[in-house]
Structures are given as structure tokens and as C-alpha cells.
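Shown next as C-alpha cells: one chain only, the form predicted on its own.
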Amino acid sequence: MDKKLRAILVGCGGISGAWLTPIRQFDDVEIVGLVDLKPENAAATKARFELDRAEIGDDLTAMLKRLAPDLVFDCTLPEAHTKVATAALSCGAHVLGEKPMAVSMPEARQAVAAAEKAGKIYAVIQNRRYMDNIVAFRKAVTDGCAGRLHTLNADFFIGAHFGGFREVMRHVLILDMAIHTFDQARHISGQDPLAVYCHEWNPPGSWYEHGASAIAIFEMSEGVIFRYQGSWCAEGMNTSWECQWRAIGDQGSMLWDGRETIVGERPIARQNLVSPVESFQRPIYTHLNHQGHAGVIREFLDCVRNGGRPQTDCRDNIKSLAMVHGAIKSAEQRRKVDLSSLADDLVCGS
């Protein structure tokens, strides 16, 4: 085997465990440094995951210069993502970071430019692309099991009591969670966003300070309409974290409950009122070797070693981020927003 890739992980909060657990199963990467603004967090993570050879510290720039790693794993808060990514890229490291890629479109473009200049990979953890059931649902759509797709619906309802920064975060649902669903919609449909209209609100009884519920309607590049409806303060009858999905084509419809069940129906014959239908099975597909965070990390490592770009490379992921910031701008201005050129003026909170 080639020598191990040397990595620094930045941000040793709770999410870091979702990274370090799968990383332990890969024997071609080694964590050589842990960085956190609170060194005690880095020390606790080092002990918990038995990273005996990892240095700890609170200064990423200094550690980058001292260790010259091959990779940086960015588990910091969204506000720090661009700063961490550009610092790592400028020091010659490839970067895999938590979503969202940036808190504004100008910062996202800054990060993409930094990756281009450095000739390095900057990819984002969009772990929903690496799950067996979304792969199966996507294959059913792209294989035309329901004919040509024209409508895609996603419903997300979970009463999530996080505490901490999310409960005071502006546009919390759209910015922190809907990025997953919007990226799924692009992945499932194979289409990119052209325009969006979004309404955001904070329901009575919400434990969030800002909009924890939203409805968004996207026009996609080949005529598909994607409709998202979600809430992070919906108690009871919760969906999965991957949403409930309905794909409607010109020859039938398919449902995915976001868990194990994918079902479909198409008409046997056309009638004046409601046509009789028959059920159909989802197509056979190849199961993924690694799922979730492990799938993203494994593909990233393989691309670093062998060349190519991961599915969630920043050059692609910026399109999913544009859906987020377009929806935010639409909600704030109560108007339809054009996304056809990734809307250079989109800035969160503008």
C-alpha cells in the first residue's frame, strides 16, 4: 500500500465523532493533528478516539505550517468553513468539509477559486448521496420507471431539540438542514436550479428564534418542478431525516419513505376519470460498499490518491448552496428569485 495520507481535523465538537468513527475503518489515512478553539476539546477527542500520535492545538495556520498535511477535515461551524478551507488549500492540502460549504455565495465562490488556484480538491459532506435507498430511488427515476420526471416533492417534519447555536440561528431549517434535501433533489432529478419561490415562518410554540418552517418551489433546468416543505419544530408523525419523497412522471408515480420502502404505480389503461394502475418494483442496483459519512470520505480519499473529483466537489456543490441562498433571499424579499447564473448577488441575510 502507498503511504498513509496525513490529515488534520479541525473542530472537535459533537459532529467530529461522525467523521472519526468511519475514518478508523480506513487504514490509508492517519489523523496527525486536532485543532479546536478550546484545546480541551481537542484533548478529549484525542483520548476518546485513541489518536495517540495526533498533535493538538488551537491555531490551524501554525499546525498547517508545522505538519504540512495532505488533507484537512473541516468540522467547524458554518461561519468558519471558508476561512478553514482557504487556509488549508493555500498550504497545499486537499479539504473535505461539513455542509454547508459557506454562509454566503461570495464566500462559496472564494473557496471554489482557492481550490482552482491550488489545484486541490475541496469537497463537502453531502452524506445523503451515499445511502443505498437514495441510490435505488434515483435509479428508479433515471431508468424511467414512472416515465419522464416532471414533478418531485420532498416533505421533512421533525421536532428537533438541539439546543445550542441552531436555536438562535437565522434561517435555521433552510441553511442548516435543507441543503441536504436540495442536494438530494439535484442528485435524484439530475437537474440544476433555475428559479425559486420560498415562504419561511416560525410557527407558534417554536423553540427556535427564527424561521424553523419553510415551503420552497424550484424550477429546474429540464422542466422539473421540485417542491420542498419542511419544519424542525413539528412534534409527532415525524418523517425520516432523509424526507418523504414523491416522484411523478408522465407514466406513473413513485414514493420513497426516506427509509426502506420504495413503491411505484403506473396506469394499465387510460380512462376518463381515474385510470386503473399496477404496481412495479424498484430496479436492482449495486449496493454501496460504504454509506453516509464513510461513503463521502472514502470517495474523497480515492480521488486524492487516484485523481478525479468526488460527487460533492465544491464546483458542483455550489449549485446546491445556490438553492439554499436563493430560497433565503426569496423568503426575505417575498418574490421569485432567478438562479440560472448562480445569482452572483445572493448573500445570506441581504
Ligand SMILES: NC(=O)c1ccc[n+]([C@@H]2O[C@H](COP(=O)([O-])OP(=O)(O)OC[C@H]3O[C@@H](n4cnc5c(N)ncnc54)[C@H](O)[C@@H]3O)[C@@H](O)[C@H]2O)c1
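Start at 1 with the first residue shown and count on from there. Quick caveat, the model's predicted, so the values are computed rather than measured.
The same protein has a further form, the form predicted together with the ligand, not shown here; the description that follows concerns it.
Between the options H171, K99, R186, H94, the residue in contact with the ligand in the model of the complex by a heavy atom within 4.5 angstroms is K99. Residue in contact with the ligand in the model of the complex (any heavy atom within 4.5 Å), chosen from V263, L77, V277, I225: L77.
For L149, no non-hydrogen atom is located within 4.5 Å of the ligand in the model of the complex, even though that partner is not displayed. In the model of the complex, the ligand sits beyond 4.5 Å of every heavy atom of H210. Remark: H293 counts among the residues lining the ligand in the model of the complex, judged by a heavy atom distance of 4.5 Å or less. Among residues of the shown chain, M105 is not one whose heavy atoms approach the ligand to within 4.5 Å in the model of the complex. Annotated contacts: K38, N127 and F165 all touch the ligand in the model of the complex [non-hydrogen atom within 4.5 angstroms].
Segments offered: 301-309, 62-70, 30-38, 317-325. Contacting the ligand in the model of the complex at heavy atom distances within 4.5 Å is 30-38. Using a 4.5 Å cut-off on any heavy atom, the residues of 9-23 that reach the ligand in the model of the complex are, in sequence order, V10, G11, C12, G13, G14, I15.
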